[in-house]
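Here we start with a single chain on its own, the form predicted alone, put down as structure tokens.
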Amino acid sequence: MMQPLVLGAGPAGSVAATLLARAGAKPVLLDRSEHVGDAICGGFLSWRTVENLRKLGCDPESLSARQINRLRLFARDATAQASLPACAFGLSRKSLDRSLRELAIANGAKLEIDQAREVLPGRIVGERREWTSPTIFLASGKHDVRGERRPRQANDPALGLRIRVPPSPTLETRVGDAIELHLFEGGYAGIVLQEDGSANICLALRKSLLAEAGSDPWSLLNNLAAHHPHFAQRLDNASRDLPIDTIGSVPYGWIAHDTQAGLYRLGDQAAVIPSLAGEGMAIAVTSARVAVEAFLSGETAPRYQTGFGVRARRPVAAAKLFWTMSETASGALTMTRLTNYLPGIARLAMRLSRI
């Protein structure tokens, strides 16, 4: 058997490489960086993600992840809270990705560092060399590679922004063991405390909001804080010298229903769920497991992709509906007030958006 190639050593790629190595497939895990970074999205691990990671041999608690037990919603002055169906965790992508990469290597995957320039049938064209295999697992996350770009047709596309606010007693008091969603017109911010006590603040916003702020991320944050007092409080300890990470044109709601022969698409390359669902990591881990099972059983990549697309349809559609509602002032207030009076509604929404 020729060694399968896994492009991308994030959660999806590392999980796929681990499972392939355990099955004796001797995968090559290809990544652009020798050093593990801290990706923008994925700092919240749902209870289902945690269960799957533990089965794999990666326990978030052993990485000092923060327990998350509640969902808290904010829409201007309105607030609501609901308990999660089970314990979730806040963990930096740097810590999670490092652990999963080490797990893949420990199980026999071979890590190679190269910048992929193009994906073609049976080969990956890198800066160092060309990598060939009849089987490729594409796990490059939200970053597309030439030859396998996802369609981006939105008139006002979504942007991802992330700022990490240093630990403080005030953050501990205000955020605590909750995952917070701050709903704005044209976007939202998710806030969770991570293993070092810092607040990971991720925003998914329409490009037009950034344009209105003069294309300056700090001006955008200040504009939002001026109209949303609870969000402003979470930025109390944020100095202007803190870096803001960005990613453009995120195709939320996109699902791959087909693929070329030999190319298994994983994670965000298989389905991009709106981040407010907190299910991106579950899609990464689940798609990796299902794709490897399909490959080992002889199931073709197109058949796997069609089946996984069907599986992802409901949670992605549900999350997209909630996202669309939350982008309007009336929808955000309705969602928050319903959650306040009927917390079970929030738990139903969580279940509908799980894969």
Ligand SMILES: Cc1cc2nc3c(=O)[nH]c(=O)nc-3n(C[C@H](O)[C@H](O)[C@H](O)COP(=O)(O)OP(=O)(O)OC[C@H]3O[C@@H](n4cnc5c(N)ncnc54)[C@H](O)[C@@H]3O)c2cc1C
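Predicted model, so just to flag it, every value in this text is computed and none were measured. Quick note: we count residues from 1 along the sequence shown, nothing fancier.
As for the form predicted in complex with this ligand, it is not shown, yet the points below apply to it.
Contact with this ligand in the predicted complex, judged as any non-hydrogen atom within 4.5 angstroms, is confined among 73-81, 227-235, 141-149, 207-215 to 141-149. Residue contact check for residue 203: one or more of its heavy atoms lie within 4.5 Å of this ligand in the predicted complex.
Although the partner is absent here, residue 115 lies within 4.5 Å of this ligand in the predicted complex, judged by heavy atoms.
For residue 17, no non-hydrogen atom is located within 4.5 Å of this ligand in the predicted complex, even though that partner is not displayed.
A residue is said to contact a partner when one of its heavy atoms sits within 4.5 Å of a partner heavy atom; residue 252 meets this definition for this ligand in the predicted complex.
Interface residue among 312, 56, 41, 50, judged by heavy atoms within 4.5 Å of this ligand in the predicted complex: 41. Along 8-33, residues 8, 9, 10, 11, 12, 13, 30, 31, 32 each place a heavy atom within 4.5 Å of this ligand in the predicted complex.
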